[in-house]
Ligand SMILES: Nc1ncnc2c1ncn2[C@@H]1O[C@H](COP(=O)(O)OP(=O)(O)OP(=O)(O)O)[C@@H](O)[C@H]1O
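Next up: just one chain, as structure tokens, the form predicted alone.
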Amino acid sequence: MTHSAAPQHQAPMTSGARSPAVGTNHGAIFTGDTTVQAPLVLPPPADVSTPHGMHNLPRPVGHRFVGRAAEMAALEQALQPRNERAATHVVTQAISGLGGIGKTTLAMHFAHTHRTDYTAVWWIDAETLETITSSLAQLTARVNAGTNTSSAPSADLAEWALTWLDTHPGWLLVFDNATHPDHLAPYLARLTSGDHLITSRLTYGWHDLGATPLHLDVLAPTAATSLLYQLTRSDPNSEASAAQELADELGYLPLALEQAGAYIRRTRNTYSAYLHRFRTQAARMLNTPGNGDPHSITIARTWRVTLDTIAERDPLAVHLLRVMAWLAPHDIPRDLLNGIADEPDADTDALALLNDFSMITLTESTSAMHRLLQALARTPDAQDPHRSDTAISQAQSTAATLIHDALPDAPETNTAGWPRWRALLPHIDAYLTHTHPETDTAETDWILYSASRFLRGQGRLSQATQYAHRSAATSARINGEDHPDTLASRNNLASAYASAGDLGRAIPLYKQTLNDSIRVLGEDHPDTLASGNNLAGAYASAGDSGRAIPLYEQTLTDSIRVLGEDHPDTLASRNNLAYVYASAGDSGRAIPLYEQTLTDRIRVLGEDHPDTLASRNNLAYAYRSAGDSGRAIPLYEQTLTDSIRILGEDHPKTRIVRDNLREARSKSG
């Protein structure tokens, strides 16, 4: 006996005992031990009207839409109601950005807000070709409500949907999370009687499809904080500063804010408590669903999917991302990353790929990376192949090497290198913040030592002292207390103390370093001479001319004998001796020595060298101390003009010259 899911009709006789007759029958036909699928016959698409208000939009977000007024206005401008433009004017609008930036939320808000402006609105999962086909097949099922389409192949149902869309203008299709423009190209070329809204992490390729790109950035600080308040349903006056601090720590990224807000509300926690936990367990919190559902979307899972795709195309790109995680999030010089790859320009291609997927933001000279992505990329996870201990350690080491190799020489006096120093400092600070002193290497020690010298010369004494202290400790741990590098680091730390006016710590450290240098290196070693010069300078700063003058005189004599008359260190010793003579009121010896030093520095170092400028300032000071304003003021004026040009308006030495000139003018009447 034969059973059918549809009413029986008279049909042709079959040719076999077990062959069913198929006329207008559709559905599954059972013959006892075999099931044969009859073809589904749907009406012509043009004959099927659009169900009133048809849409399949996901439910709107549970909180008020915030922070995207400008982006919403841009969408509304591009996708204006169809009755205000020609029926043949098809608009394709793409929204791109980092995973978790809020692309889907924006598209959903637009679609819900303007649903009645369209004959139909259909949401398509565009992650793969298969999900696109499935979403279109679901459209066919919706339009043909009452007909069981489950037995038909998805491809056939999708084709029917495309034909139906062709013959029923005025719709909006939302292609959510598109992974490649090529996946959408056939549909966009064929479907010309409605509008298309695309969300994707990809930034490229949409122009080729006639799509207008809209790239999303993070929320503004006030909008991010407002979102947190809504998600936690807390009083804005409660823990306001902590909420703002948390929003900042999360980089104003919508998905991270939603994750945090849901977690705080669910656990009845506070902003402060979440912030503390996030700072100590960032990667864990980024992988913890706020609502407790283990299947919910998290920041970590969202980015893992993107990294899987990138790694398949170019593993170097993922390594680059891990390296950049150790630097500051913004203004990473692209040339800092040069040489990271074995093949020429491979790093350029890898950066472009990361930018294509919105994992970084690329300009002609810099790149930027979201701080949460950095936190994740720095944290090992045995379950994530992109974040193994080995891979992250290698990236940390590579970052240190890149910084080390990019440092300009002579931090205090090489003015041509100062712009590079300023560009590198945020990344040096970020690297040192993210690494523990116990893991510092010889490369890290050199970074600390050099950066401390630059910062001291720029008057940033607190940070200079911190770096100098860490450098001295690192060198002692790695090289031993008596190693020349350790002695140099200790001398540098004493100089940082002295520059900050902390002579109580500077003088004992200078003394110890000088004694150790004599014992380890010998009395005539250049580093020993430098230590003697520095100790004499500390005595002079303390007003102890009785100890400063003999030590300066001995150091100058030894420097001339060991280094020569024209060595920069010899010139420095002569300048310093002149200074202590002037401080002791002995202008008769100070002025000739200053004049000789200035002449020699101009000849040896050049007119524009910072040490030459210092000599001019010092000579002007000696003239003023001797009551000779007629020579002091013009020399100050020249030195100030040159200092502004060479060092900059706000350099500490420029400020000193400006103050000296002001005082000289006031005292001259």
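Predicted model only: the values in this text are computed from it and were never measured. The term rigid core refers to the most C-alpha atoms you can superpose between the two forms while keeping them within 1.5 Å. The first residue of the shown sequence is 1; numbering continues from there.
Beyond what is shown, the protein has a form predicted together with the ligand; the following relates to that form.
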Which single stretch, out of 592-600, 206-214, 270-278, 93-101, brings residue heavy atoms within 4.5 Å of the ligand in the predicted complex?
-> 93-101
Quick check: do 65, 254 and 302 each get a heavy atom within 4.5 Å of the ligand in the predicted complex?
-> yes
Identify, from the list 455, 286, 318, 227, the residue with a heavy atom within 4.5 Å of the ligand in the predicted complex.
-> 227
Quick one: of 219, 310, 549, 328, which gets a non-hydrogen atom within 4.5 angstroms of the ligand in the predicted complex?
-> 219
Does residue 201 reach the ligand in the predicted complex if we count a contact as any heavy atom within 4.5 Å?
-> yes
So in the predicted complex, does residue 258 come within 4.5 Å of the ligand, heavy atom to heavy atom?
-> yes
With a 4.5 Å heavy atom cut-off, would you call residue 177 a contact of the ligand in the predicted complex?
-> yes
In the predicted complex, residue 355 touching the ligand (heavy atom, 4.5 Å) | no
Spell out whether the Cα of residue 123 moves at least 2 Å between this form and the one not shown when the two forms are superposed on their rigid core.
-> yes
